[in-house]
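One chain is shown next in structure tokens, namely the form predicted on its own.
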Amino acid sequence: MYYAIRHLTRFRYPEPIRESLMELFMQPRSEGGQRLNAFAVSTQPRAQLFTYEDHLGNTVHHFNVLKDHAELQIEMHASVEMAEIATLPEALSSDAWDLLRPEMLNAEEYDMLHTQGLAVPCEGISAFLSEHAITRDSDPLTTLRALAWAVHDGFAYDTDATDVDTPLEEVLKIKRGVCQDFSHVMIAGARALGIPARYVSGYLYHRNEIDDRPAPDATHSWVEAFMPGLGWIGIDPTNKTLAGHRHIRVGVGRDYADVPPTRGTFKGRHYSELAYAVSVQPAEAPIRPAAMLKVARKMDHAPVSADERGEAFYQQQQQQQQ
């Protein structure tokens, strides 16, 4: 299956800013059953893009815009070929837990067993596991499925409930959020059970008859967990399914902070408006019009004092995965 992906991001500012620095985690990976056939990024204002590969194997593009600008637009196009994912067994042997002991893991697997950033095991995670009777009594794969399904059933999908850095304890308290939050809950739960787990950012080809979450015009995230004899397997707690040929992987990390679609700072006033549009379509289908931008964060028109106008502020600008 071939997919055409288009991801448009626009930042608007109430007055011109300067020294806008940005990193992009948008290039789909090319490994396993996924092959990247074409990729391009453009910016407005125009900027020279540089590329590097981070320690997790993610391709990162970065650029800076030094001249004054009241709007920054980033447009990505990609073509990806996806193969069918091999069918997983229903369960593993119960002694597979022994192969997940820390001394049996390699460095990459061991790193994904430890607490990180927004996916930190906490009292709320322990209570969640206990409430849903999720323990190591069964085999690791059965336990992993039970955890993913419990996250799906136990949390409401609500794009207004959280933001890009909502703490895990708050998500567990309100039991609402988006795919980013569901992934963090599952990762923290898996690590608490001794299962290496990592965050995956990417895109989902949305099918209305199957997916009620997330919205079809947003980026997506899910979880990969290490299973003895199987390697890293993808599982999507947001949609209560295993990751398949519709899940297009862009980045893997310890949590969202490792692989946000955009990450950057600018020098200027604090307030900005973020809008984005994402299209994932089979290659033979037309891509939807580019104009359908979804405003994710409205511009705040709070008054600014004369003293503040004379000062420069470095501000972060990121977009939440939904």
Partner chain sequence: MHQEISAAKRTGDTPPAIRPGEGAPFRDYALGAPYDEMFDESGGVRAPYRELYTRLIALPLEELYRRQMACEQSFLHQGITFTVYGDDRATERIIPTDLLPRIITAKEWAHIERGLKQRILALNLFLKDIYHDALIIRDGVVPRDLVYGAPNFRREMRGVSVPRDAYVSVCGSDIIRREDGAFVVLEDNLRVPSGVSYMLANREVVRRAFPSMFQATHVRPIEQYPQELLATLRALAPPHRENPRIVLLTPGSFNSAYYEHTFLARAMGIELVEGRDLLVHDNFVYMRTTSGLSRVDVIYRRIDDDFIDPLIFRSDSILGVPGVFNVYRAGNVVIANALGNGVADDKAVYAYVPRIIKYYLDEDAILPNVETFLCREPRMLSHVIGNLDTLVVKAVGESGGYGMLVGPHATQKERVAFRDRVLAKPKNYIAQPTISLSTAPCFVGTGVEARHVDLRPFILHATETRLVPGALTRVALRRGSLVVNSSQGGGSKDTWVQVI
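Residue numbers count along the first chain shown, from 1. Because the structure is predicted, anything quoted here is derived from the model rather than measured.
Unshown form predicted together with its partner chain; subsequent notes refer to it.
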{"property": "Stretch in contact, per heavy atom within 4.5 angstroms of its partner chain in the predicted complex, of 219 to 227, 100 to 108, 166 to 174, 196 to 204", "result": "100 to 108"}
{"property": "Contact flag, R136 vs its partner chain in the predicted complex, heavy atom cut 4.5 Å", "result": "no"}
{"property": "Contact label in the predicted complex: R269 to its partner chain, heavy atom within 4.5 Å", "result": "no"}
{"property": "is_contact(Q116, its partner chain) in the predicted complex, heavy atom dist at most 4.5 Å", "result": "yes"}
{"property": "Its partner chain contact at P28 in the predicted complex, heavy atom, 4.5 Å", "result": "no"}
{"property": "Residue among A283, A38, L66, A70 with a heavy atom within 4.5 Å of its partner chain in the predicted complex", "result": "L66"}
{"property": "Any residue of 11 to 49 that, in the predicted complex, places a heavy atom within 4.5 Å of its partner chain", "result": "E19, L21, E23, Q48"}
